[in-house]
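Next comes just one chain, in structure tokens: the form predicted alone.
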Amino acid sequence: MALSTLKITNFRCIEAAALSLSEDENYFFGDNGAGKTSILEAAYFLGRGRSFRTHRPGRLVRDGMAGFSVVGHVSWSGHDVVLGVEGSRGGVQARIGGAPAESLSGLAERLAVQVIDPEVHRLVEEGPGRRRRFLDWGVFHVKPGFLGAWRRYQRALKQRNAALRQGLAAERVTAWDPELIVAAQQITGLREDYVAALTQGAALAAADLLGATVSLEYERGWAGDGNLTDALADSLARDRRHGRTHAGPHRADLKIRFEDKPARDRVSRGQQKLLAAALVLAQLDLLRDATGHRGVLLLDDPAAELDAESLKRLMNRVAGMGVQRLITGLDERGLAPTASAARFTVSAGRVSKLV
């Protein structure tokens, strides 16, 4: 899995760019505000159908334009596949192989892209929502049954919550419990298996980047050791008061422990960045080991975020992973690109390849 070409039109400050990429190392150099991060953001959007910087696709449209497009050729399962996304203030449309995509998950299946950016520390610092999204991206890629179970769960949860908001009788609310519970059991089992597999890789990556011990634990999304059936019954009165379901995997969390203590209370901002980076790298390692697919890693200006020794550790760790890398920086200092790396300069939204 690698992105061989990337064509960007009217995305952020980039009017037009057509890039031929190395399947290994790609570096984008330029001043702050030149558009380097926008290139990574476009690649991310191609694999996710969303940005890592904003939830509103309309904000990605170049000033004065009606919409943007991103198109890329991806080597996937021995085939060359063309992916495309178009976005505007009205929403997002995706195409795979020239045909409309049934859902954005088709993009993610063919282009597994992760990012380490200046906000990566939020994975550790913020609430469980961001960690659930991180976790579910990984489970989606290595556990084929996850997407179907997640969709069934979301449908049942939506209907149950609608019944709660409408103040329907208790039996109308709990009518959705059997379907909710079956899907929840599948999701929980797949997530627990994934976290068990991810924990070893996260410990190794954290040892490399931080010289510290790290462990992960999956928290199911309801209190105590009982099953979800009992948890839903126990919380029904509360659910009816507040109009939403309080127990289930939609409330789950990935607990991160650093030196055997909760990481959120233990580590500095700089350590949070490296710890979150270790989790991202472990996730890409697990993707490769479980599926044979190489992921795509986007590294946004790591030299500006890390001291020289931490940057060296990160770049050495990344270089040995075998993933495709798209990396930005003011210049080459601390990044140490190899002679075979593709290098680009970015200035005022214009991208040129160095030869």
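What you see is a predicted model; the values in this text were computed from it and never measured. Numbers for residues come from their place in the sequence shown, where the first is 1.
Another form exists, predicted together with a small molecule; not displayed. Remarks below refer to it.
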Contact flag, residue 325 vs the small molecule in the predicted bound form, heavy atom cut 4.5 Å
no
Within 4.5 Å, heavy atoms only: does residue 13 come near the small molecule in the predicted bound form?
yes
Give a yes or no for residue 54: in the predicted bound form, does one of its heavy atoms lie within 4.5 Å of a heavy atom belonging to the small molecule?
no
With the partner left out of view, is residue 70 within 4.5 angstroms of the small molecule in the predicted bound form by any non-hydrogen atom?
no
Could you check which residue among 294, 62, 317, 50 gets a heavy atom within 4.5 Å of the small molecule in the predicted bound form?
62
Go through 34, 299, 43, 287 and name the one with a heavy atom inside 4.5 Å of the small molecule in the predicted bound form.
34
